[in-house]
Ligand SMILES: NC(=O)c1ccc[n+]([C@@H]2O[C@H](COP(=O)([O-])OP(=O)(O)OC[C@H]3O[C@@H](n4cnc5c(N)ncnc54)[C@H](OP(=O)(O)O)[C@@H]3O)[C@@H](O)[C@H]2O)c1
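What follows is a single chain, given as structure tokens, in the form predicted on its own.
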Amino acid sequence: MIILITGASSGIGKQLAIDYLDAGHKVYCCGRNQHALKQVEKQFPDLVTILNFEVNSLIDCKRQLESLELLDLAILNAGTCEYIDAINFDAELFSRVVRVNLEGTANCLQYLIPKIKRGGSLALMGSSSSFVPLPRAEAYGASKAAIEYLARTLRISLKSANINVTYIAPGFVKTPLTDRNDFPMPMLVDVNFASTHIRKELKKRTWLIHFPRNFTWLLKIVRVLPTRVQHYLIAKTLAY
């Protein structure tokens, strides 16, 4: 397959790239950290193409993505996370997160959708935080909830083009991003677990990929409860 992965310089994106490369697929590894991308290229020099750019720059996306060959799979994984103190709401912080997670995804979509083969697949990296409201995650959760909605609509809209769309909603995965978290992360898994699960489900063209199941199913159950009950359980669990 010919695969493109954004955010391939660290975390889940990097592990996905390595695992797909190890299986003999050609991978466009996209990211901001050129040094990290070069390390992946050294392992698989005949299969890697590095694309070093900022997803939140439409000009960068156009320059790097417009002339690509046709793709079998595009995984839009690039993202960031910052937490908000709601009492002292920070609009600039909120905008930073949304620019990367949501607008960065949209910038890539403009140039990547025309490059996905008929019968190909598009995967958008979200988060299980899109299932329920979580304090301090106002910016991150809102951006991922928007990604979930975007994936749902694209799955319908791109059906006529025979492009399968998948929404990926991980729980806590140990990455450089989550290493900055200052709170307990229940049922934390590593990037190897995440990559194995994602690749298995993408092969089956699954709509929703969520893991670890014990954790994400709890969130999905809470999601269907009445709002008052949701808020009570979340506040009680998180001691707010």
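Note that residue numbering follows the sequence shown and begins at 1. No experiment lies behind these values; they were computed from the predicted model shown.
The protein also exists as the form predicted together with the named molecule; that form is not presented, and the subsequent description refers to it.
**Q** Answer yes if any heavy atom of Phe131 is within 4.5 Å of a heavy atom of the named molecule in the model of the complex; otherwise answer no.
**A** Residue-level check for Phe131: no, no contact with the named molecule.
**Q** Find out whether any non-hydrogen atom of Thr175 is located within 4.5 angstroms of the named molecule in the model of the complex, and reply yes or no.
**A** Looking in the model of the complex, residue contacts with the named molecule include Thr175, since a heavy atom lies within 4.5 Å.
**Q** Report whether the minimum heavy atom distance between Val27 and the named molecule in the model of the complex is within 4.5 Å.
**A** Result no; Val27 lies far from the named molecule in the model of the complex.
**Q** With a 4.5 Å heavy atom cut-off, would you call Val55 a contact of the named molecule in the model of the complex?
**A** Close contact exists here: in the model of the complex, Val55 approaches the named molecule to within 4.5 Å, heavy atoms only.
**Q** Only one of these stretches, 63 to 71, 202 to 210, 28 to 36, 41 to 49, has heavy atoms within 4.5 Å of the named molecule in the model of the complex; which one is it?
**A** Looking at the other structure, the answer is 28 to 36.
**Q** Just to be sure I understand the contacts: of Leu150, Leu112, Val100, Leu122, which is the one whose heavy atoms reach within 4.5 angstroms of the named molecule in the model of the complex?
**A** Partner contact (heavy atom, 4.5 Å) among the options: Val100.
**Q** Counting only heavy atoms, which residues in 120 to 141 are within 4.5 Å of the named molecule in the model of the complex?
**A** The stretch 120 to 141, when checked against the named molecule in the model of the complex, contributes Met125, Gly126, Ser127, Tyr140 at the 4.5 Å heavy-atom cut-off.
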